[in-house]
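Let's start with one chain on its own, the form predicted on its own, as structure tokens.
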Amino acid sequence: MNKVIFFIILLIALLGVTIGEQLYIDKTTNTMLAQIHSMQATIVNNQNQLNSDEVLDAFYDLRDYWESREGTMAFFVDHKNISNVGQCIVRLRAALEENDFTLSKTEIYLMHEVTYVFKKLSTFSIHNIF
């Protein structure tokens, strides 16, 4: 009887950790996608002055949010996916500094795609268990 109770407690704890992990990943990726959309609009609205304070402030908000979550995300997901987001951020920064609208637009689009795919790969699926 004790083994059954222990098993049930262990199962409930594991389920709680799994749900907490998924909620954290979902919240982080949803916030990132919202900030990316905001950054896309900022880039389009300031296409002639991409190194302006408005654009750089939006970029730093995006970068700082990701950097604050990156370490925790590394516990839950593949490091390659995390590094892809980081690489997009670095390339976007360079494009903004060069005031290159086409490259900036391309980089923010790639960041969106990488984050979206990252979110889809991290979503709970019964296929991921087996």
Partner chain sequence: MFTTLIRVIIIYLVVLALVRLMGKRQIGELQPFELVIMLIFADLATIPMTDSSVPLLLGIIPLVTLVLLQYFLSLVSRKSIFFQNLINGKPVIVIGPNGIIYQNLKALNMSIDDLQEALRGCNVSNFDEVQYAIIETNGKMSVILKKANSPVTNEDMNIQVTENTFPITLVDDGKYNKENLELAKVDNNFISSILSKQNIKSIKDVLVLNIDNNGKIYLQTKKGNCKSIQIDFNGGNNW
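For clarity, every value in this text was computed on a predicted model and none was experimentally measured. Numbering follows the first chain given and starts at 1. For clarity, a rigid core is taken as the largest C-alpha set superposing within 1.5 Å between two forms.
The discussion below concerns the form predicted together with its partner chain, not included here.
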| item | value |
| --- | --- |
| Partner contact for D78 in the predicted bound form: its partner chain, 4.5 angstroms, heavy atom | yes |
| Its partner chain contact in the predicted bound form: Q22, any heavy atom under 4.5 Å | no |
| Interface membership of A74, its partner chain in the predicted bound form, 4.5 Å heavy atom rule | yes |
| 4.5 Å heavy atom contact, T106 to its partner chain in the predicted bound form | no |
| Its partner chain in the predicted bound form: contacted by all of F7, L11 and L14, heavy atom 4.5 Å | yes |
| L23 C-alpha relocation of at least 2 Å between this form and the one not shown, rigid core basis | no |
